[in-house]
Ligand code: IMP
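Below you'll find only one chain, the form predicted on its own, shown as structure tokens.
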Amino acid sequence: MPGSPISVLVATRNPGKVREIADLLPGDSGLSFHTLDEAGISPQPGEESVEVHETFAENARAKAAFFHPLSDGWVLAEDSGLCVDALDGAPGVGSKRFSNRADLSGEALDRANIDALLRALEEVPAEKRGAEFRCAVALLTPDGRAETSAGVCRGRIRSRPRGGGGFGYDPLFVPEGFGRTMAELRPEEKHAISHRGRAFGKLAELLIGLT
């Protein structure tokens, strides 16, 4: 590996996602990850309209391509969301916007989305609350080559949130084989089975090898 870390721009303004990505790779990987804000990239015209595609993979590739010209060469983008069986796969690619609260961000938006999902599932019994988290990752290299991977984690939705870790819908999601929500799992437990952990696990060796 090179002596100095290679800077990878992650196409997100969510520091929680970047922390998870960094935790999923070996400490000596020679890579450093930065949010758009940390890289000094202010909100761009059209930034919020990039994720208009019908699949997570298309959205991830679109985000990486959008920010590639503003980067030092390496751009990593991921799109992930919660797909609930009883809601025909919703919120899906619209997970971040499920509450329709464009005025909110961060933890406030997470709470609004959780409340919206619980309302949507109010009449759905526990045995029919199957769901899965899905994640797609796209990496653009300095020469514009694209590499992709994906991961899935099955589970079920609780009737009320529990746990203070993670972000997004983690306090509602109980992964298969566990009695605790994603927000209650230790980081190493979550990384081993999460959709994001599985997607980045597939990409990690390739990413390190490319550098």
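Just count from 1 along the sequence shown to find any residue number. What we label the rigid core is the largest C-alpha set whose atoms superpose within 1.5 Å from one form to the other. Everything quoted here is computed from the prediction, not taken from an experiment.
Here the subject shifts to the form predicted in complex with the ligand, a form of this protein not shown in this document.
Residues within 4.5 angstroms of the ligand in the predicted bound form, judged by any non-hydrogen atom, belong to 91 to 99 and to none of the other stretches in 67 to 75, 91 to 99, 124 to 132, 137 to 145. Using a 4.5 angstroms threshold between heavy atoms, P175 stays clear of the ligand in the predicted bound form. Proximity of G168 to the ligand in the predicted bound form: non-hydrogen atoms within 4.5 Å are present. At the 4.5 Å threshold, heavy atoms of K17 reach the ligand in the predicted bound form. None of the heavy atoms of R198 is located within 4.5 Å of the ligand in the predicted bound form. For the partner-free chain shown, E78, D79, S80, G81 of 61 to 84 come within 4.5 angstroms of the ligand in the predicted bound form, judged by any non-hydrogen atom.
Core-aligned CA deviation for H191 between the shown form and the other one: less than 2 Å.
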